[in-house]
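Okay, so we've got the same protein chain twice, two forms, each given alone as structure tokens, structure 1 and structure 2.
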Structure 1
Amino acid sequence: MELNEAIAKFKEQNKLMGVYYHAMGVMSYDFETAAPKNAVAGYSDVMAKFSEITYNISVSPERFEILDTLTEHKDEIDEITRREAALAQKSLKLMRSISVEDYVEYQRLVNEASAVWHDAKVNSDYASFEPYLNKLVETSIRFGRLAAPEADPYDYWLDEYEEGFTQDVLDGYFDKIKAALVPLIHRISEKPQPDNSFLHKHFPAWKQREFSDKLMEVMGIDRRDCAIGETEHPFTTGFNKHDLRITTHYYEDALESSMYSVIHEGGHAMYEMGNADELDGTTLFGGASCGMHESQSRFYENLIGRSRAFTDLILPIAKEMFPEQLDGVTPDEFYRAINRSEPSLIRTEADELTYSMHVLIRYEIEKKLMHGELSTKDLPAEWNRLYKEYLGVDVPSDKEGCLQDSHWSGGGFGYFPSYSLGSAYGAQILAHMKKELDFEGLVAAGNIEPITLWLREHIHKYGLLKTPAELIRISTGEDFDPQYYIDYLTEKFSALYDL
């Protein structure tokens, strides 16, 4: 095949698959936010058919010929097409290794498992979900072995979510994090805790929805490009830089929960809205990796959103919305309550300091599942044991334990480490940003735009064009170093608790 013909056909196929993925994304968003409970069967059938269509395009002989031609002439093609082809070749490692029947069946399994998980979580009924989880684990191991027979199956999936990361690398990372943070967590546990009772008064959901709009306005999110919905487990879906959809979950006795969910998911949306125009409509639209995406969501949520400058900025707005609930609350009380650190049960509600322990627990469980050292039937007991060992808390139910996250129901084994890596990426990026911007001054003034523009120039505009490692070097001038994360947390929480 001639190079020009290969390029044209490649772009045409990508555009066609993009149309299908867009339709599947809209249906998935609708299923999670609006579809009735009994819609699962019909939804699974439709999604399975779409999956079959996209699979057949991806593994067609013509697709292979196109990619082989582009790979052979990679030095003759533009940067965007070269990167698209490289990522397509990588994704085909799995596609080329499994049959269409396997692929479609897996998509059906994921859809069914997700629906069962929703009910299982509500009813704290792990037993109903366990058979699906067992099938998902077995399939992930089998697919990993087929796609990369030379590698550990779990290493294959870790690299899929965070390029370049293996168990050896992550073991070293988590060992360093654990050694530094566990003693700090223990020291803080001996200190008196700030009062946060005013965050747990009655905050009507309808009023929180209005507050969400205010938060998105302060962040600088253009609502013409970004919608907000409601779901059991908050997430963000991006179709193009002018169609981002975030979600949240309102708890009427926990203002902080949705407040920081909106800021977090808004950070994901800001990343994709900041992609360069030339990436829109290509397979490079989005974020470089799960970890880099989390670095941006947690940058807005924590590094901006839980800073003293931001809590001082947002308190007057919160008081306008909830005058009775927040009457008499001072800026210092609000800041300390928002940053209260204590071991807890729920990852998404965890404070910055203890957060990575939640991720570490999931990482250790995944390793055991993927190596056959832990059965899905024994997972709740192991979960509860690790929460007691690392965080000193007793897990009262599976709803607040191993059923709390949606990731495993979607087959997302290897995803969780990205959350901790994202926090560490963000701390390193912030340290270098502060050399160029008056970060605290800008946040205090409610002027988030220069911060967003800096992130857009150093991170957002590249989409998937660069690897996470390349983006860290672009934004900081050095390789990834988790010491920035450790130093940030140690300095912040030592000050908060007068250590």
Structure 2
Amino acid sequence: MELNEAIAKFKEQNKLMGVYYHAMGVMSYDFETAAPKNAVAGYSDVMAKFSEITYNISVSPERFEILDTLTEHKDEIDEITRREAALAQKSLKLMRSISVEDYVEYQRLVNEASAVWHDAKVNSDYASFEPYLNKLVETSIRFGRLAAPEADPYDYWLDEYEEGFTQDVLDGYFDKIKAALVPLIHRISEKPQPDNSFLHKHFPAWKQREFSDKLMEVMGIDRRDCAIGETEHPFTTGFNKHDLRITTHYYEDALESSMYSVIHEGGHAMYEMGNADELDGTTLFGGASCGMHESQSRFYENLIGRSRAFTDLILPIAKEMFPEQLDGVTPDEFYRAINRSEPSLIRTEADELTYSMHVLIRYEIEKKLMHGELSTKDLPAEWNRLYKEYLGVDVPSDKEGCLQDSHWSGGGFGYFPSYSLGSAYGAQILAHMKKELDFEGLVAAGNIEPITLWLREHIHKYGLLKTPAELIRISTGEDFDPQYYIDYLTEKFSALYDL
């Protein structure tokens, strides 16, 4: 195939698939936020058909020929097309290494395992899920070996989610944070806890909706480009830089919950709204990786949102909306309540300090599973042992233990580390940003825009054009270094708990 023909066809195919992905994205968002419950059957028919159409384009012999042509001539093509082709090749690596039967069989396994996991979680019945998990582990090892015969299978999967981050890097990362944070968490668990009962008074949902609008205004989110919906679990989805959707969930007895989910999801949205115009409509629109996306959401949620400057800024606004509930609460009480840290069982509800310990435990377990050093039969015992050792908590049931997350039931081994990396990226980025910006002063003044523009210039504008490691170098001038994260947490929580 001629190079020019390959480029033209590549763009055309991407554009066509983009239209289907856009439609499927809107339908998923609608399904989660607006559709009546029984819409499911009709919805599934559309999704199945569109998935079939895009799948057939993406694994067609023509597609392979196009990609091979582009790879062969990669030094002759522009940067955007080169990166698009490289990522498309990468995403097809597994698909081109396994048989169609293997692929279909795996899809069936994942669907069954997800359904079984769902019931197993409800009934805290790990035994029913274990055979499926065992098969998923075996298949992931086998697929990893087929896709990357030269690599360790777990490294293959880690690199799928966070390009360039293999066990080499992550072992060092998790060892460091374990050594620093486990003792810190244990020391804090012996200290008295601040009162946070005022965050759990009655906050009517309709008032919280207005509060969300205020928060998005403070963050500087242009509502002409970003809408907000309501779902059981908050998420963000984006179709192009002018059409982002975040969601939240209003608990009337927990102001903090939707408040910080709006800021967190708003951070994800900011990332994609900040993509350079020339990436819109290309396959490079979005975020560099799960970890880099999470770094931006947590930047707004934790580094800005849970800073003293921000809680001081937001308290008067919150009091205006909820005068009775927050009557008499001082800035210091508000800041301490928002930052209360306590070891707990559920990852998604963990506070800023203990969060990465949940991830660490999953990393250690995944590593052993993928190397045959832990059998899925022994997984719950190992899980519970690690929760006791690192967080000091007893796991009362598998429902609140190893069955809590959906990731493994979907075959997602290697995804968890990106959650923790996001926080570590953010701390390193913040340290460098502070050399150029009066971070606290800006937040205190409610002037978030210069911070967003800094992030846009150093991270957001690149979309998927750069790898996470490259973005760390671009934004900080050095390689990834977890020490910033450790220092940030140690300093913040030592002060909070008077250590």
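For residue numbers, the reference is structure 1: its sequence is counted from 1. Rigid core: the largest C-alpha set superposing within 1.5 Å between the two forms. Since the structure is predicted, the reported quantities are computational estimates derived from the model, not experimental observations.
Which of the two shown is the form predicted alone: The form predicted alone is the one given as structure 1; the other form is structure 2.
Can we say the CA of residue 71 moves by at least 2 Å between structures 1 and 2 when the core is superposed? No, the C-alpha position differs by under 2 Å between structures 1 and 2.
Is residue 165 among the residues whose Cα moves by 2 Å or more between structures 1 and 2 after superposition of the rigid core? Passes the 2 Å threshold, so yes.
Core fit, then residue 233 C-alpha moves 2 Å or more between structures 1 and 2: False for residue 233: its C-alpha shift is below 2 Å.
Let me know the CA shift of residue 391 between structures 1 and 2 in Å, rounded to one decimal, core fitted. That residue's C-alpha is offset by 2.8 Å.
Determine, in Å, the CA shift of residue 374 between structures 1 and 2 after the rigid core is used for superposition. Once the two forms are fitted on their core, the shift reads 7.4 Å.
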